[in-house]
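Given as structure tokens, the chain that follows is alone and in the form predicted on its own.
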């Protein structure tokens, strides 16, 4: 059932023990929003815990209270009054969905989130889930400390490409400006997020060697096999290296995370890649989306290129 942010706040205030989660392969918005909400709820006297069913790339470890994020164990249970799912639909939270039978509140900004038999608050005009949590703080009458502000700013910055993408609105910049007045150091966040290991830099070189062009150079794609993917912590930013090619409308990255498990990321300048991802069982935004294809790397590329061709 669709509910408003005010109604979501009412449900949160009525709960005492809250489980917070986000999607697997978490990005800055997923981690920033969960950490910010956890701190806000604890300041209100709630018992709030974060569970993420995946590893988190190292350049997000510097966020305040990152060490409090827990990875669920097999057969683990968590007695909660409410489970809050941020920045994703329920099909992307992994085994966290088995931790509790508590009522679910889903807060998201992805247009492809279709919801289900639970409370859903989606604001698709928001640039990031962190932008929604920024507004939620007022509904909860929770203080935005410098540490909370740092987490929220991280989500805004990463989901907008540091305020360069088309989802950057006046409201987004106004929120970022207010967060800076509340104690954020933008240079600290950018320096942390830009860090790459030597292995990642070398991995980027290897990935770019796989570059292929399709459809009269309107589509650019790179693929990373499982053996190569294991050598570095993150592929974050790889796709941006090919998105900037002047003829390219759609850029994609396929990473083989395990045999016959391929994670797809897409970026576009015009094509609605959310629709492409949705057809392939994923989701996201009009200009940035992704999915997981349970097939070989070569076959995943064929499936994706065909789907992009239909969209073009």
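Predicted, not measured: the structure shown is a model, and the values here were computed from it. Numbering follows the first chain given and starts at 1.
One more form of this protein, predicted together with ligand AMP, exists but is not displayed; see below.
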- Task: Using the partner position in the model of the complex, report whether residue 283 sits within 4.5 Å of ligand AMP, counting heavy atoms only.
- Result: yes
- Item | 4.5 Å heavy atom contact, residue 22 to ligand AMP in the model of the complex | no
- Message: Please tell me whether any heavy atom belonging to residue 288 falls inside 4.5 Å of a heavy atom of ligand AMP, as the geometry stands in the model of the complex.
- Response: yes
- in the model of the complex, does residue 39 have a heavy atom within 4.5 Å of ligand AMP? no
- Query: Exactly one stretch in 263-271, 41-49, 63-71, 241-249 has heavy atoms within 4.5 Å of ligand AMP in the model of the complex; which is it?
  - Reply: 263-271
- Would you confirm whether the three residues 57, 228 and 257 all fall within 4.5 Å of ligand AMP in the model of the complex, going by non-hydrogen atoms? no
- Message: Residue by residue through 67-92, which ones have a non-hydrogen atom no more than 4.5 angstroms from ligand AMP in the model of the complex?
- Response: 92
